[in-house]
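There is one chain below, alone, in structure tokens, taken in the form predicted on its own.
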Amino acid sequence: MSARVGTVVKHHLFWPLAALVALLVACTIKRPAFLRVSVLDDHLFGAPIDILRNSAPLLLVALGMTLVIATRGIDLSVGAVVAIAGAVALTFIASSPDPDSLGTVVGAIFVALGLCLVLGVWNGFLVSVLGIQPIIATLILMTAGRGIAMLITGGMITTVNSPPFKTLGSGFWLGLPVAALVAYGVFVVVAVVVRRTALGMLLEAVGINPAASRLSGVRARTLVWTVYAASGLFAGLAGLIFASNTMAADANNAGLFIELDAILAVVIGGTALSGGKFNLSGTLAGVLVITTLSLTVTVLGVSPLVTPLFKALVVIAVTLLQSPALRARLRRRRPGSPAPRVEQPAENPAQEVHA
């Protein structure tokens, strides 16, 4: 029985899910109707539905970030790409003679996503072809991206009134938020592709040892290029959801610090920043933890001034509980636990080893 419990605790999803349950319990204690879901105008409403809808943009960004980190990379430009996507889409719609036209909205979405894909390809080119360190390569677009968004909007907050575009961020379909359906649909497609084909194994091979994977015939450069392009595309889709939810393009604040939340979600989910093995299910759990945490702060009445500190404390607690080194130290200090075994060095078998 204890061995089975130990196996469950060691699972990479245990602590993220435990943190999520703890946050939900805290909110339910404070507000007993927190988990209640009601139907109004054929739509589902309630805090769980809000969590699904609010987690959609972060899930898309964290999904691309997971693939990039799996190849030993990092993408700091996703927040700027979010701002660019909203700026392009809303500027396109605002300049159209018929903003309410479905064709106009579809055209705006394709133009915005196309540009974001190009930006992701640019990041991939800098990293995989020119050999620039990922943190430096993406820092370039992170710095210049918001300037590009400001240039597109003319330094103004662009607003439009287009019901078809608003559906993406605030609409419902089959009773569920369209934003959540889009984001979780993309997540399922990517999960199937990387886990039901050899793509996931190849990404892990590149992340573990890029040189060895190239010598084995793996097209490491192409894979790295692809994941950065996918990260830009997913960030662009997240930017469209942000812009659709507010019906405004704010180049300064759209997607601000979302790259940090995405990295936190990936780390909470058990994916190591050193690359290699990655967990999409863990990333999903990390996204839900961060989204629920933001809602928990509001429910518990925590001051907005200390919200970042409260968030940091929870994230630190989860990551520490996931640490194998910390768990090993705690086990050694537990009464009755066996002393750690120290093997004798092979060079001198007769030498005594003192613990």
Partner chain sequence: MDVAIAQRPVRLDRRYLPVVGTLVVLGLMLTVGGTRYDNFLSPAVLSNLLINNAHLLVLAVGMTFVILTGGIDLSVGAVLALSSVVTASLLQAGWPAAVVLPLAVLVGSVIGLAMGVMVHVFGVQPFVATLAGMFFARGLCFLIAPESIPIRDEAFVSLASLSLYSGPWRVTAGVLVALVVVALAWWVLHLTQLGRTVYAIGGSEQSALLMGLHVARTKVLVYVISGTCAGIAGLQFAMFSRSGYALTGVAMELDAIAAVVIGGTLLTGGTGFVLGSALGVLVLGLIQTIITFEGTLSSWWTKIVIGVLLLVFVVLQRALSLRKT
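Please read all numbers here as calculations on a predicted model, not as lab measurements. Positions refer to the first chain, counted from 1.
Not on display, but discussed next: the form predicted together with its partner chain.
Using a 4.5 angstroms threshold between heavy atoms, residue 325 counts as touching its partner chain in the predicted bound form.
Contact annotation: residue 305 falls within 4.5 Å of its partner chain in the predicted bound form, judged by heavy atom distances. Within 4.5 Å of some heavy atom of its partner chain in the predicted bound form lies at least one heavy atom of residue 146.
Residue contact with its partner chain in the predicted bound form: residue 133 places a heavy atom within 4.5 Å of it.
The contact residue chosen from 106, 212, 151, 118 relative to its partner chain in the predicted bound form is 151, the criterion being a non-hydrogen atom within 4.5 angstroms. The contact residue chosen from 93, 76, 249, 224 relative to its partner chain in the predicted bound form is 76, the criterion being a non-hydrogen atom within 4.5 angstroms. You can rule out all but one of 291 to 299, 43 to 51, 23 to 31, 307 to 315: in the predicted bound form, only 307 to 315 has residues with a heavy atom within 4.5 Å of its partner chain. By the 4.5 Å heavy atom rule, the three marked residues 140, 267 and 274 all count as contacting its partner chain in the predicted bound form. Residues are counted as partner-facing when one of their heavy atoms sits within 4.5 Å of its partner chain in the predicted bound form; in 257 to 271 these are 257, 260, 261, 263, 264, 267, in sequence order.
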